[in-house]
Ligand code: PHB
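Here's a solo chain for you in structure tokens, the form predicted alone.
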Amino acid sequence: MRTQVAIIGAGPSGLLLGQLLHQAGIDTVILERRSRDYVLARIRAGVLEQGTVGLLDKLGASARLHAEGLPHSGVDLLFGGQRHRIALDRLTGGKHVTIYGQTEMTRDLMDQREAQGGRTIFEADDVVLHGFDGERPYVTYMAEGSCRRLDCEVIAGCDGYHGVSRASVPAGARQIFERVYPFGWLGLLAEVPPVSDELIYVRSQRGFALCSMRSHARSRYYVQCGLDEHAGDWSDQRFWDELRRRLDPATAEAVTTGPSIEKSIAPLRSFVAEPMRFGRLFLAGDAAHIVPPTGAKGLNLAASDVHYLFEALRELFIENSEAGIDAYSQKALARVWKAERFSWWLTSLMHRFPDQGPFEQRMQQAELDYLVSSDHAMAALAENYVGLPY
């Protein structure tokens, strides 16, 4: 089998890239290690920047998003027992974010691809990338008990942090920047109305918490926890009690509890692999970088990578120019590092660290007090939260 672009991974970044290229008349095949049902069962974040929504608009894949998504024009910071609203729209000239689950975005792109006849091969095992340091790359994989080969001109690695794409690059050809945080997030999903119309980011003496949602009837809550914790050790009641302890009394009283649909612990890390291009292999999304979820940047960074990579491949195949692919890594990384900085800063500001003493706690408090008293400081937060321009 032959194609112009072999895309590894059928998550949102791989599907988004595949559909943008398909719309431009560029042939793609997506290889996905898991089944379709498995991909659609993964529960992920759901705060979309306007740039991400714009890419879905461009594809004509945003009808359900606009019908069911929740536009948010602000977020709350809760510290010292008080909530402080950051007016995103006022501080950024009318911009906002949209709450729409990553799973729903993946479903919309998958359905569109299938309707348009795009080729996606699920349960492709033992994927191996070959020849991407030359002019004739190809991919081998196992499907239905036999080894198959996919010849291509370009490979796009959109298969996440644990995928084969980045791992296929010799260690000496890439540089890794990483910080692993000494805590995780315990998340609970429940079919209950959210406690607030907008997200609440919480700094408390007991640790960080986040009150979020997926819809008007489905809530997602998080509490900071130790890396040695296990989700199975947390009953629903224990979770709800701990969440309430971290909130101000009025918000705690307003929380609606219910049985969990899903409960899991996610470790936090900042991670960047440079460069994002190795010959004819291009990395995008979590294959190249990870951010703490505090700033809601993971999915949105993947979308901006896809934007830059699509433009580069369009120039390559439509205009016969390699200028775009030559500049891809530098362009993408410039935005990646800004998002890494924002996510690191917000994580450092809102969480309790094990080695944190009274001085560090006072510094957090002073920075938060300054933040909510200065329009310039709030504008910097708002500008990053709604998403820097591509």
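We number the residues from 1 along the sequence you see. The structure presented is a predicted model; accordingly, all values stated were derived computationally and were not measured.
The next section is about a form of this same protein that is not shown, the form predicted together with ligand PHB.
For the options F239, F317, Y181, W185, the residue carrying a heavy atom within 4.5 angstroms of ligand PHB in the model of the complex is W185. Contact with ligand PHB in the model of the complex, defined as a heavy atom within 4.5 Å, holds for exactly one of L243, V202, A312, A296, namely A296. Shown here without its partner, the chain carries A45, S212 and Y222, all of which come within 4.5 Å of ligand PHB in the model of the complex through at least one heavy atom. Residues of just one listed stretch (212-220, 172-180, 273-281, 87-95) have heavy atoms within 4.5 Å of ligand PHB in the model of the complex: 212-220.
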